[in-house]
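Take a look at this single chain, the form predicted on its own, given in structure tokens.
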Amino acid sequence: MSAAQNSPRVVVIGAGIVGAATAYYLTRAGAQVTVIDALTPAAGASGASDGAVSVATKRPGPMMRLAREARSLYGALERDGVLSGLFHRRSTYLFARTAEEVALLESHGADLANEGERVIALTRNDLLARIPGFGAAILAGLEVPDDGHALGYQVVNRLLAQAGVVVRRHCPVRGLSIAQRRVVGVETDDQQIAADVVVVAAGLGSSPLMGIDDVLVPRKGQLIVTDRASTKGAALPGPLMSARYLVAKRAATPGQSGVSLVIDPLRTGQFLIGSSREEGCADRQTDARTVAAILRDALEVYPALARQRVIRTFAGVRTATRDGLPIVGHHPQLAGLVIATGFEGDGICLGPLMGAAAARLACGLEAQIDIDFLTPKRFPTPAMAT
């Protein structure tokens, strides 16, 4: 390797969890790293997530395997002190309210078990023994005991601190500098920043920089925070997730909207309740109709929530893709450009692992994990200016 290759200048666009993890692993590899964000760290989906580090909800096959590796990496980073105090193990509880959902849980549980995941099939009585107060409509469930939780904004801040990187805030990138079919830097409002490699991890903001049309899709989610149900930590042993959520994950369908219920017990004793899936919506406004629909669904599942007060509602915007899979890999036309975006609701779980993979690609190395199915090459790429 030349000196430049041993210590490449890398610009990371986006200071969400994937961008922060990329910066962390790049600095460990000796790269000179600049992180740029159009707003502030974790201002996008990373700061508006439920924090699920979950294998339980992943699409069977490669995504489920990636999630298992990603969750293991969280454990290693916690043990090594990098994420000390930020990652916590907890079960995920999936529940079914119809015969069709019971069958779906049985199928999904078999897929998880085939990947080596521990799963526990639960009857209604089993669920009530673990979580008294489930509503009458709940028929059966599935416990995935090895899942975990980490708040996205805390992970972002920790990784950036560990990397020793100061983010250039409120600095939107207006374009890429390209010479002889290679990216050589980025252009902001007031300067050009030279780079050997650029990593685009900017969520929806990645779209104009990728040169791949009509691939990224905004999908808004509205969420609700209650007051404290407990003063001694989480009020439930783990999040309660509707089997309906699996439908969206197992078979991505363009135009999907609706409510995929999650009742998440926070360590503060509060509940985080969500979430809507609003295809094509990129605003961050909440509305009474959607919030009311989420609350009705939540009260049917766990009537004890009627004792709580709603203290806040907010919305985040997931960056989805047309085929439901993230985009991670080298740009198909331009050397020196690595893309890592489109994680939708899986960014918190996959963030550190995908950041590690993007960092290796930026350093001219193999990713060490199988991400071929995430390649940008699967989408048509219009000719780009050189």
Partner chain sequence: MSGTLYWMGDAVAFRAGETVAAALRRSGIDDFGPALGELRARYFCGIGSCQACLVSLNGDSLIEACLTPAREGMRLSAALPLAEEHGHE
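Numbering follows the first chain given and starts at 1. Model, not experiment: these values are computed from the prediction.
Below, we refer to the form predicted together with the partner chain, which is not included among the displayed structures.
Shown alone, this chain has one stretch from 230-238, 191-199, 204-212, 111-119 that lies within 4.5 Å of the partner chain in the predicted bound form by heavy atoms: 230-238. The putative spot formed by Arg65, Ser72 and Phe373 is not touched by the partner chain in the predicted bound form; no residue has a non-hydrogen atom within 4.5 angstroms of it.
The closest heavy atom approach of Ser260 to the partner chain in the predicted bound form falls outside 4.5 Å.
A residue is said to contact a partner when one of its heavy atoms sits within 4.5 Å of a partner heavy atom; Arg307 meets this definition for the partner chain in the predicted bound form.
The partner chain in the predicted bound form comes within 4.5 Å of a heavy atom belonging to Arg130. Under a 4.5 angstroms non-hydrogen atom cutoff, the partner chain in the predicted bound form lacks Arg182 among its neighbouring residues.
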